Ligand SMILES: NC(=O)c1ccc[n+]([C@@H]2O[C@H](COP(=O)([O-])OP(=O)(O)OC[C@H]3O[C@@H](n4cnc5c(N)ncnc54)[C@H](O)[C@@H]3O)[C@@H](O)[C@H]2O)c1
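Given next, in structure tokens, is a single chain: the form predicted on its own.
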Amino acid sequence: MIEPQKIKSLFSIKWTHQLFCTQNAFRSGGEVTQILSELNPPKLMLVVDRGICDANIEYVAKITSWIETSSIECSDILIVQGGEKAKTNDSVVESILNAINELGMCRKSVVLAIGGGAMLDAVGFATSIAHRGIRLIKMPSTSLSACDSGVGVKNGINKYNKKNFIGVFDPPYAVINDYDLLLSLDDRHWFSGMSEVIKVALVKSPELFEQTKTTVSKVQNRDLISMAKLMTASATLHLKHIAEGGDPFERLEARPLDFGHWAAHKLEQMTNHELTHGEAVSIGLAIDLQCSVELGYLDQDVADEVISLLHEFNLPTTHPKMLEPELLDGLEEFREHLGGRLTILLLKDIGQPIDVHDLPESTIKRAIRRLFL
């Protein structure tokens, strides 16, 4: 008879998560050239969000010029669907996989993806499963992705009408925030990322919250330097949480950076993505702030101050779909995505989060009614 044995071996992997914040990253000797010189890839593929090609021809010309002078074997620019449509089916993922196969790219090759958060999620998923992982450099092109998701380590697409149902954790080799990409955004997408700036400030940094309040007028007037400072501060807090928070691949129940997101994700689905992710997060923040008040954790004055700040960035805090019973399904979907018991982050004060494991339907309904007053 074979004697049962249990064999365990602990191992860890070191990873440097690096973020570059700059302008004109494709300039001679710029960040793109610096990073690729380190990697010396046998082949390079550039993938660009169609929205950039439509709105920022000047930036696409910079990319084309860089390709023409590069010593690296590089494909023509592959243009893919941007926006949430990039994640609603597997068409972007398939186009990336097909291109990797047709170009004969190996695991030492590099994909450089330039686009919004949804497109980067889809491309990142494709590169993580091709050859079990091809190196990826991400260049976020929206305020939303520059301050939050672009620096993240999560990749995936939607399935079964659920946000990010299919996906993996796979850190990019590097993230480049080239703030010149923000210049071509329309006002709606310029402001959209501010909900994620405010979110991370509420959870982690009263200083960033104060900084955000003092730069409202400059951001409203599309001052790039002021916006870049907020984007960099937000992205840095997100990066530090991933690298130093003790749970980079979210194995635990609590996920502080998902404050306001249980309702946000559901509202995106319920509105058929009429709401941008940033707008949905703004509404989700308002709901959870008011729930914090209803449960006795947070002063109403603080919630009102934050909601007023969201409004100053043209962000909504209500939507008719909030009144539909289907919204509450978002709690169970959120729990499934987290795993284990439900854990919702609420606030006691700015910079003072608290985890709760039960959010009564009656509390949510009272909070929503208050927001419509």
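Predicted model only: the values in this text are computed from it and were never measured. The numbering used is simple: start at 1 and walk along the sequence shown.
We do not show the form predicted in complex with this ligand, though everything after this point is about it.
Chemist: Answer with one of Lys229, Arg135, Lys154, Arg255: the residue that has a non-hydrogen atom within 4.5 Å of this ligand in the model of the complex.
Modeler: So the residue touching this ligand in the model of the complex, by this definition, is Lys154.
Chemist: Quick one: from Met45, Ile52, Ile344, Val32, grab the residue that has a heavy atom within 4.5 Å of this ligand in the model of the complex.
Modeler: Among Met45, Ile52, Ile344, Val32, a heavy atom within 4.5 Å of this ligand in the model of the complex occurs only for Ile52.
Chemist: For the three residues Ala118, Asp121 and Leu181, verify that every one has a non-hydrogen atom within 4.5 Å of this ligand in the model of the complex; reply yes or no.
Modeler: Result yes, every residue of the spot touches this ligand.
Chemist: Would Leu144 count as a contact of this ligand in the model of the complex, using a 4.5 angstroms cut-off between non-hydrogen atoms?
Modeler: Answer yes; at least one heavy atom of Leu144 falls within 4.5 Å of this ligand in the model of the complex.
Chemist: Could you confirm whether His189 comes within 4.5 Å of this ligand in the model of the complex, counting heavy atoms only?
Modeler: It does: once this ligand is placed as it appears in the model of the complex, His189 has a heavy atom within 4.5 Å of it.
Chemist: Would Thr271 show up as a contact with this ligand in the model of the complex if we use heavy atoms at 4.5 Å?
Modeler: No, Thr271 sits far enough from this ligand in the model of the complex that none of its heavy atoms falls within 4.5 Å.
Chemist: In the model of the complex, does Thr215 come within 4.5 Å of this ligand, counting heavy atoms only?
Modeler: Result no; Thr215 lies far from this ligand in the model of the complex.
Chemist: Tell me which of 101-109, 136-144, 297-305, 71-79 has residues with heavy atoms within 4.5 angstroms of this ligand in the model of the complex?
Modeler: Residues of 136-144 come within 4.5 Å of the partner.
Chemist: Using a 4.5 Å cut-off on heavy atoms, what residues in 194-211 are near this ligand in the model of the complex?
Modeler: Heavy-atom contacts within 4.5 Å come from Glu196 alone.
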